[in-house]
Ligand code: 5AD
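Coming up is one lone chain in structure tokens, specifically the form predicted on its own.
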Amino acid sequence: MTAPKYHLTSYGCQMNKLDSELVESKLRQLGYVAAPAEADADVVLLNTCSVRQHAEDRVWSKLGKLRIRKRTDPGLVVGVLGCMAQEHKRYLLARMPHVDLVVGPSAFGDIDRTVEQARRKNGELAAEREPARTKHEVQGAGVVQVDHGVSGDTIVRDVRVRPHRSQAFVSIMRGCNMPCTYCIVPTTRGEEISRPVADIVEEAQRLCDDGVTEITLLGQTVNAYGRDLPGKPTLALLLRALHEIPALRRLAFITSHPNFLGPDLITALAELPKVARYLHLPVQSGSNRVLKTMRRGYTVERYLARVEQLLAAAPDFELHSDFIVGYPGETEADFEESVALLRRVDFAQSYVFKYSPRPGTVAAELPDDVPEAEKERRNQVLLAAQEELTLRRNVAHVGQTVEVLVEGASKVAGRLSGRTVHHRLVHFASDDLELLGQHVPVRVTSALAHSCIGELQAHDAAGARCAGPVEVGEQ
């Protein structure tokens, strides 16, 4: 019997990408194989994001296309996973009746049984409507798993299912307890639930045994880790435990909240050389008035104090941030304070987002009073200011030799790309795919606004290469 084939597309954040790897692990353990293309799949799954409207729009568009295919292929299983499933629930089935399963983040642990249930129902329904299947809308199996189910953290991960041979994400907690007015994550992912230290270390060890040398720890508010566990272990304690894994060369974590950047974590970042030398610490706005309405729980002054404490202890760190422009009530003066803060902190990188109301959030009840054109202007101004800072940092690296973890081929033919310990993107001339997964020395020869160009230097390939083959997961 031919093994059933699946195709899984991820939208959104790193947590979604990791969730997709866990779903793939579960399906492969059941005997499913990854389809080379979506058109070849018996099961098409979309792991979705609800943080911004644009992400949802892409999913609605994809579902519309799958509706057309299912009219002639009623056995096809179409599944919506993740945050949109949790947010929209049965409305998804009402709007897209051809969808077979709607599975929220809390129910990924038994995704294999859910998919099998949908396949059986589809087989029965297809047999009943076979004579008229091209004339009528095809109804899906209608399996909904959102407010109950088995957590994906219970999945015994197949460490071979990951997109990069030397890199892996590891979830250390799920959910969020913060009251940010614009964010739908607490609604779609629930309250904070941390994983025990021993479970995380065991998973990281298995990944490193399979060739991983860089691990990024994930959590919606990752540095709040452990508050719900017995003994209240901290992120600092977890970092120290993971630091002891011999094969691990880099250790990073995202996303942090300024309120939880305390002395113990700062000390760990300064003392642990394997920890990547950048911190993603979103500030969201440079205006105290806007921060208060966002319910972020800190002021600009408090944010700056935390940054100064970090850089005093670990001056080699670089700061990354997120900014939201066009939040309800944001004035031109508020926005200019964001520009000023960006320059004052001298962020190495910033992600800038135009505010979009998310149903069910507190901010959605406020007037969306900044015109779209003005949101776009502020977005471009802040991006341009960040580009200046990033370019200046990149120029300062010209002539230096940096260690690059090679991730893959560049968009320019004949080049490979990778990142430094500061998460700086570096391209260099080579078509040797054996370098993928190696930590190699590259001398920076020129700088661009978002990356550096360099020349590969002589190195000990045996020492730089990670061991073992890696099976690439579908993304």
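On a predicted model such as this, the values are computed, not experimentally measured, just so you know. The first residue of the sequence shown is number 1, and the count goes up from there.
Below, we turn to the form predicted together with 5'-deoxyadenosine, even though it does not appear here.
This chain lacks the partner; the member of 81, 324, 279, 77 within 4.5 angstroms of 5'-deoxyadenosine in the predicted bound form by a non-hydrogen atom is 324. In summary, among the residues 195, 88, 164, 358, the only one with a non-hydrogen atom within 4.5 Å of 5'-deoxyadenosine in the predicted bound form is 358. Of the candidate stretches 50-58, 31-39, 442-450, 65-73, only 50-58 has residues with heavy atoms within 4.5 Å of 5'-deoxyadenosine in the predicted bound form. Although the partner is absent here, residue 183 lies within 4.5 Å of 5'-deoxyadenosine in the predicted bound form, judged by heavy atoms. Proximity of residue 354 to 5'-deoxyadenosine in the predicted bound form falls within the 4.5 Å heavy atom cutoff. Although the partner is absent here, residue 386 lies well away from 5'-deoxyadenosine in the predicted bound form, with no heavy atom inside 4.5 Å. Of the heavy atoms in residue 284, some are within 4.5 Å of 5'-deoxyadenosine in the predicted bound form.
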